[in-house]
Structure formats: C-alpha cells, structure tokens
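Starting off, we have a lone chain in the form predicted on its own, written out as structure tokens.
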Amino acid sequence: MNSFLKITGYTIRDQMRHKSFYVLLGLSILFVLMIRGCYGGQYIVNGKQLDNITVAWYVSKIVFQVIASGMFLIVILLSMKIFSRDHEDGSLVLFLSRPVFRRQYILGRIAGTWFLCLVFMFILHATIFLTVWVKTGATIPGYLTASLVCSINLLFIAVSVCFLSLYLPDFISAVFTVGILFVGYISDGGHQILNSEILKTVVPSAAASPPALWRILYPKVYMVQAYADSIIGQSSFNNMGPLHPILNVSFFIILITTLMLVVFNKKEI
C-alpha cells in the first residue's frame, strides 16, 4: 500500500512538472470566467424576461457538460504516454527494480493521473459554482456532487487508454478511445432524445423501440453525464436498461483494469 501511494504521489508531481498542464488549467479557468457575462444578460422567453438566477442556472448546466466533456481530451492526453514514456526514459525499470509489485506500479500511475484530472475538473466546476453565487447570490444544488459523479468517466477513460497503449501506439490508443466514446454518445444520446418528453409532446405517435442488447451493455459514459445533469436539475433520469450507469462504468473499469494487470504481469520489461 505504501508503494502504491508513493507511485501515485510521484505521478501527480510528474504530471504537474509540465508547463502545458498549467497553461491548460489557466486557459480553462479564463474561459470559465468569461462565461460570467452571460449571467447578467437580458433574455426573453415566450414574452417573459428571465431573471438572473434562472439564466445562471441554465447557463451553468450547459457549461457543466462542456467542462465534463472537455476533460475527456485532457485525460487522454495525460494517459496515453504514461507507459511508453516510462519505458523510453528508463523509469519503468527504475520503479520495478525496487520492492514494488507490478500491480502497484500500474494502479499507482493510473490513480495519480485520474486524481489530478479529477481535481482539475472540480476546480473548473467550483469556479462556475462560486461565480454564480457571487453574481446572483444563489447556489446551484447538487452542482459539485454532479462533478464528483462525472469523475468516474475520467477513470474509465484513463484505464481504457492505458490498456490500449500496451498493444497500440499512443496516438492510435487515443483514437480508439475517442471512437468508443463517440459510439456511446450516439447510442445513448439517441435513446435519450427518443424517450424525451419534448419529442413525445411534439410527436405523440413516436415510440422508441427497445434498445438492442449490445446498447444496454455498452459503457454508459454518456448516461453518467445525463445522470449528473439530473442531479443538478433535480429531475427524473431516463436510464437505458436495468443497471445504473455508474455501476455499468464501474464494471468496465474493474474488467479493463484486471485485464491490464494480467497482461502487464506477463509482459517482458
């Protein structure tokens, strides 16, 4: 356990040594702060002017999803070179020459990267939360809780990229992971639209057919974000299949991590 924590801490420090990390964080916070101008705008819907609190609530929900989705790219960029960089600069041999199990090395590197990205995303969401509070005097219930819920998606992406990077070049592993996310967004997003109350109101005769089994079993990254959105909006959540998306994504994280440990244990260093 001590070796795992040391490798996790080293991974966090290693990633934070790169100037690009601070550039990305600074640009992201600057982008978030620029959104505050939207909270003071005058918006009219159905002939009625919306108050600042309502406007801030809707804008914050949109920005929440933009940040959560934008973090996918950052996780991929930080994860895809972990093992290849360690192999090239000799860090891998240095780690394993000490009393460190291979599973501790794998889990520590992934945990450090995931925790850093979690904090990154939480800072951005907290900035939005505090901006709304300063501008309107109101708070958004469940906003920060929803941010923590979305962090499970970041762990899934980190695990997927790291596993694929054991077999594929870094860039190809990143492309494959983006492809997995894209298919899930199309499948689950289409399900959400076809079962939305708006579509049922506009087209009462529209009835979505039961989803195929593969769509029910597919990683529910999109559904996790939809669930987080329902926490912010305090609304009902329309799930696909009997298994909650958090349990679905957690299952894939455990499965991929297990496969990665088995493969890496047999890998020649």
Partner chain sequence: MIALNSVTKKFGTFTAVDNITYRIEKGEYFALLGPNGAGKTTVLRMLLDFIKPTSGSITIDGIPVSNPEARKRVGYLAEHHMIPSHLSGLEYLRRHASLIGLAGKNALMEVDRLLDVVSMKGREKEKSAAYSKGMKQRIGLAAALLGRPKLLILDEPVTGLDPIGIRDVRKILESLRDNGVTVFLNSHLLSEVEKTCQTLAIMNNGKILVKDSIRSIIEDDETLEDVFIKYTQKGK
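Nothing here was measured: the structure is a model prediction, and the numbers come from that model. Numbering follows the first chain given and starts at 1.
There is another form of the same protein, the form predicted together with its partner chain; it is not shown, and what comes next is about it.
Contact annotation: of the candidates 123, 175, 194, 100, the single residue with a non-hydrogen atom within 4.5 angstroms of its partner chain in the predicted complex is 100.
With the partner removed from view, the residue among 138, 148, 96, 168 that has a non-hydrogen atom within 4.5 Å of its partner chain in the predicted complex turns out to be 96. Partner proximity in the predicted complex, defined as non-hydrogen atoms within 4.5 angstroms of its partner chain, places exactly one of 127-135, 159-167, 101-109, 114-122 at the interface: 101-109. In the predicted complex, at least one heavy atom of residue 91 sits within 4.5 Å of a heavy atom of its partner chain. Taking the partner from the other structure, its partner chain in the predicted complex has a heavy atom within 4.5 Å of a heavy atom of residue 17. In the predicted complex, none of the heavy atoms of residue 251 sits within 4.5 Å of a heavy atom of its partner chain. Put simply, residue 10 is close to its partner chain in the predicted complex: some heavy atom of it is within 4.5 Å. Residues from 229-268 that approach its partner chain in the predicted complex with a non-hydrogen atom closer than or equal to 4.5 Å are 265, 267, 268, in the order they occur in the chain.
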